[in-house]
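In what follows, one protein chain appears twice in different forms, each by itself as structure tokens: structure 1 and structure 2.
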Structure 1
């Protein structure tokens, strides 16, 4: 088979994972790697600081973008597609914001744009939505799609404080350059928007959604919850309503033993609810080699000319809120006022409050789901 030449944009945690994973593949060579400054890397690598060495290089067949951030990544992806090069990207920010127009551009230029690594790191979720479940009407997608917050919440359950847990997640290469995207829920919202685009043909703008992060969670909250038989994860859900989509990302409380609470480290789990039941996909959601797995799989898909997904006609639907019961913490970490479904209010100390709850200073609200 003809050798495929790759232009790699970025050599951070994921870029290094891609270089490592590609070194084990036959007939795929990295022709050039774009970095900001060559001093930090091994002199044998085919580095460049000039993106034209990749975008205008006729040898290069596929551009792999792992720089992250909107610009200049978006401009480079557009230029690569316009140059007739196929693109593989892990960039959820760019895909969530510009997915439909980049897909249109790829069709117009007879190139392929694949982005499996943009959601769930090493999990084949987009593949499952595009191929495996393509004949099934999908009702909802729900899951833990951010490894950093999963890691932090899990560490905090063990007693570590928030900033130490975040520092560890950064050292392990899970967190975004600006970790507030993870912590405040926007990384999850972007991934959910991409899943919604493929599952419901409706491209959501994440910043219009109901998005809450975990910056207000304290280890004392988590330890108190554990003692009560509950745990918390940052969960996103998008569900199809008759004329709208429900969309929420929020720290959510579950009874101990729930699937999400068994996720450790940077693991992700996504459930796709269709007529066939719920298909669960679970595994490493962040980190260099995990994400590289999805990127190399997209490269091989392009090499073997497996057809890209069919053109999607995107529809307009309005966004809806998803209402749940809420647990409310007062500023005093020992005080929890849970609003829970009637059937579950048998535990001691539960107080049913009116819903929705008026905003009140000193109160922190968490969604509660019984499932």
Structure 2
């Protein structure tokens, strides 16, 4: 097999993981690496600060983008495809917003666009949706796809307040200095939009869905939930309705022992519900080498001439609410709960309702799923 030449856009944590992983691959050479400043790296690396050294280099076969952010990454990916180069990217922001456009461009230019690493880091979830699980109708996808919120919620369960848990996550490298995409739920929403596009052929802009983060969650809530036999994680769910899709990202309560409550740090878990049952895929959702595993897998898929995803005709479907139950309890454990029919009560001190209550001072409510 002939040598494949790679142009690498970015040399952060993931970029370094890709460079290390490719150093063990035969017949794959990193031709150029785009960085902002060459002074921070070893002189023997093939560095450049000019993206044209990659986009206009006829020797480069595949452009690997691990820069993150929408621009200039989106512009660079478009230019690479137009130059006849295949693209592998980990950029969930770009794929969530421009996925159909980039897929169309790749087909028009007879190139390949792969983005396994954009969802779940090292989890082979997109490959499973594309090939293995497509043989049966898919009804729903849900999962925990953000390690930052796992870490923060786990720390808060131990008694740490939100700001302290966030600061610790930043100090340990689990959270960015600007953590808003993670804690406000948008990182999870972008990944869910990509999963929805491949599973249901409906590309949802994350801004259109119901997205709630964890910044309002208090340590006292989590500790009280634990005493009641429950725990919480930030969960995304998209489900097929007869004429619409339900799409939600929100802090969700589960009984202790649920698989989501065992997830800490960068661990992710995604469940795909189909006629064949529920398929679970779990593993490291972030990290340099974990994410590099998915990127190198995409590179090898292109090298071995395995066909890309078949052209998808994306449909327009309206978005609907998901009819979850709601676990409701009083902020003050001694506060009398609102008068609600006895049939809706599900244990001492809390209620499980099939609908959200109107906001009322002193009451706390979270989505609840028993399975």
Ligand code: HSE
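Values in this document were obtained by computation on a predicted structure and should not be read as measured data. Residue numbers count along the first chain shown, from 1. Just so we're on the same page, rigid core means the largest C-alpha set that superposes within 1.5 Å between forms.
Comparing the two isolated chains, structure 2 is the one taken from the form predicted alone; structure 1 is not. When two forms of a protein are overlaid on their rigid core, residues whose CA moves 2 Å or more are considered shifted, and residue 30 is not one of them between the two structures.
Relative to the superposed core, residue 109 shifts its CA atom by less than 2 Å between the two structures. Relative to the superposed core, residue 160 undergoes a C-alpha shift of no less than 2 Å between the two structures.
When the rigid core is fitted, residue 220 shows a C-alpha shift of 2.6 Å between the two structures.
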